[in-house]
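Next comes just one chain, in structure tokens: the form predicted on its own.
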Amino acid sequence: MQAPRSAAVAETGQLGGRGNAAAVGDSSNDTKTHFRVCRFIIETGVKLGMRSVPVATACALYHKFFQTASLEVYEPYLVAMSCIYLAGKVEEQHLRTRDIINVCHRYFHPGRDPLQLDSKFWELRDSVVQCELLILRQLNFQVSFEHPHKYLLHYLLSVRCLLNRHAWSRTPIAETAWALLKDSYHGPVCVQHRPQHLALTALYLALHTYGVQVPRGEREWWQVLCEDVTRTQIEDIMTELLQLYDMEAKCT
């Protein structure tokens, strides 16, 4: 079963003025395409009023799908729309397909009126629903994810207790860590590592960014919070996160 490339899909997914995804199938462009599409998912999720975890689930579904699927075969923006729709169901924040289609249409065509309820609209709606079924089959119906958000919250509270009150209040450590975690969903790093490790790395990088030192006891603070992570793993995940910011500069 293949995600349809209908005329309606082509119209809504037309990228004029938003940074064309370029020729899919060219491996040098695949990473850029996935980055742009996940940016689209995140921005669309915000406009739809989605909570952070459903948006994270939509991105994770997208990355999981394209671990075994090819951009040469599947329309990435249609897959993204279906991931948003499916994520709403998985995380119990149900969204109407009409709202998703209208917000996505406005994303690509700012200033235009919403799509009329004509044959083109219903064709696109059917494509979104069919693609949702495709994603479910491709992922063997394994569409629930353990996200790092709850771990980051726990780690932030723990580290805050270890720091001087003034050191915590004068630096935006929490805000930076949350931003890093959110940005991690632009790339496959969010599904390639344990959520505890990703959350810990986001906090580690935030502390490092502002030069904040956590008092050390018998073990490093990050070993106390997560016993099975190593410094090498943290550094590897940090490298992947920083590469996403390099990609952002290339995709603007």
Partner chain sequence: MDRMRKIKRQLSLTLRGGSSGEKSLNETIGSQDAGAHSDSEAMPGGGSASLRGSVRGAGGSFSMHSLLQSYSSALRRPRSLGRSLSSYLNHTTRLEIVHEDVKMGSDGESDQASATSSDEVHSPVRVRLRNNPGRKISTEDINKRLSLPADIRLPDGYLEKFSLNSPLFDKPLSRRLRRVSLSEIGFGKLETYVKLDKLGEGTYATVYKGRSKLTDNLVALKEIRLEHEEGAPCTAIREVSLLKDLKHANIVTLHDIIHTQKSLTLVFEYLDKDLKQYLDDCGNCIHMHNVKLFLFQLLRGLNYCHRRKVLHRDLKPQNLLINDRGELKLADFGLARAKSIPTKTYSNEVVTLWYRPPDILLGSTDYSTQIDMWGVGCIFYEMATGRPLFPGSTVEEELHFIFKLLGTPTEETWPGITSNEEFISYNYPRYRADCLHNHTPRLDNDGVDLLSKLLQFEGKKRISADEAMRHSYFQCLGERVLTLPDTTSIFALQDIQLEKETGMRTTSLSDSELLQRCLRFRHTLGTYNCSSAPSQRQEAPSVPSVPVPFPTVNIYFVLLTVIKQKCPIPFYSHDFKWFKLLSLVV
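Predicted model only: the values in this text are computed from it and were never measured. Positions refer to the first chain, counted from 1.
The form predicted in complex with its partner chain exists for this protein as well; it is not shown, and the discussion that follows is about that form.
Evaluate Ser169 for contact with its partner chain in the predicted bound form, applying a 4.5 angstroms cut-off between non-hydrogen atoms, and reply yes or no.
The answer is no: Ser169 has no heavy atom within 4.5 Å of its partner chain.
Classify Leu152 as contacting or not contacting its partner chain in the predicted bound form by the rule of any non-hydrogen atom within 4.5 angstroms, answering yes or no.
Leu152 lies outside the contact set for its partner chain.
Consider Thr209 of the chain shown here, and say whether it contacts its partner chain in the predicted bound form, taking contact as heavy atoms within 4.5 Å.
Judged by the heavy-atom cut-off of 4.5 Å, Thr209 is in contact with its partner chain in the predicted bound form.
Within 4.5 Å, heavy atoms only: does Glu235 come near its partner chain in the predicted bound form?
Within the cut-off, so yes.
In the predicted bound form, do Arg160, His193 and Glu220 all put a heavy atom within 4.5 Å of its partner chain?
Negative, none of the three is within 4.5 Å.
Using heavy atoms only and a 4.5 Å cut-off, determine which of Val189, Ile42, Cys226, Ala60 is in contact with its partner chain in the predicted bound form.
Checking each option against its partner chain in the predicted bound form, the one that comes within 4.5 Å is Ile42.
Select from 193-208 the residues with a non-hydrogen atom within 4.5 Å of its partner chain in the predicted bound form and write them out in sequence order.
Result: Tyr204, Leu205, His208.
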